[in-house]
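Form predicted alone, single chain, as structure tokens, below.
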């Protein structure tokens, strides 16, 4: 039996007086892609941020029930180090946010904070990370180029490379193909399929076709509630909940 790498147990979250997530429950097995689908404002991004404790920086965020486990460790226990969590659970934002630095410095930034890394080690980390996102051949002669001069697709892949430079086990991708055209969306989807060999991936996406194409498991959220969570083929072909069926068929938006 596979032990979940991420387990969300009866998790509820408020922003101030507003309940944002209601009693969420699901498990994520290692080296799978999990897609969270649902309309805008359904709670997908809030859930991703909760899994890596990015909500800690939201002054109004408050957990009202439950918790989240990473490899059987309660990530919301006082003694749990959120910085250590974020080394193992990488987060890539919906909007491309490269640092105002060159390509090399973007990827090397996290590892460079560890003083034990020599220059040669950083060089290898940058090369491995860019290779993993199919950017090395494109940019190996342009490592001093400002990240702002890259295309949107390259910036997205650079942000993913920056996340995996810390060698996490889990990658959280918030709307990884938002605003991208069909060709570049296909490239990112192909990349996600490649990365699954080495990482567990959870994506939030409004694109149901994308979720059906690339995920192993999927969950449908609406108004902060996880309406249904199942194998992707079962959720799309034979949903149990009528609300899920209505959303997938387009009758509920």
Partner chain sequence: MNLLKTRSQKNGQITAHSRNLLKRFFQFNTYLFFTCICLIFLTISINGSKAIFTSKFPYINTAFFTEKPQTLYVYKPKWIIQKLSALEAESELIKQEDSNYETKHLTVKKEIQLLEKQLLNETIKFTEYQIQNSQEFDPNIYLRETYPFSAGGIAPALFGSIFLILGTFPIVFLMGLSSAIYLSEYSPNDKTTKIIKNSINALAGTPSIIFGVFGYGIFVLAFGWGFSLLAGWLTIALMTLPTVISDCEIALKRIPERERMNAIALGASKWQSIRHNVLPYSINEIFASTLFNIAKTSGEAAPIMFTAAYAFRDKLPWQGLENWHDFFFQGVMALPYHIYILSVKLPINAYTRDMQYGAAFIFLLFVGSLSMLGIYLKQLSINKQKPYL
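Residue numbers count along the first chain shown, from 1. Everything numeric here is computed off the predicted structure, so don't read it as measured data.
If you look for the form predicted in complex with its partner chain, you will not find it shown, but the lines that follow are about it.
The closest non-hydrogen atom of residue 152 lies beyond 4.5 Å of its partner chain in the predicted complex.
A residue is said to contact a partner when one of its heavy atoms sits within 4.5 Å of a partner heavy atom; residue 157 fails this definition for its partner chain in the predicted complex, lying far away. The shortest heavy atom separation between residue 180 and its partner chain in the predicted complex exceeds 4.5 Å.
At the 4.5 Å threshold, heavy atoms of residue 76 stay clear of its partner chain in the predicted complex, well away from it.
Judged by heavy atoms within 4.5 Å of its partner chain in the predicted complex, the contact stretch among the candidates 97-105, 119-127, 67-75, 172-180 is 97-105. Taking a 4.5 Å heavy atom cutoff to its partner chain in the predicted complex, the contacting residues in 161-183 are 162, 163, 166.
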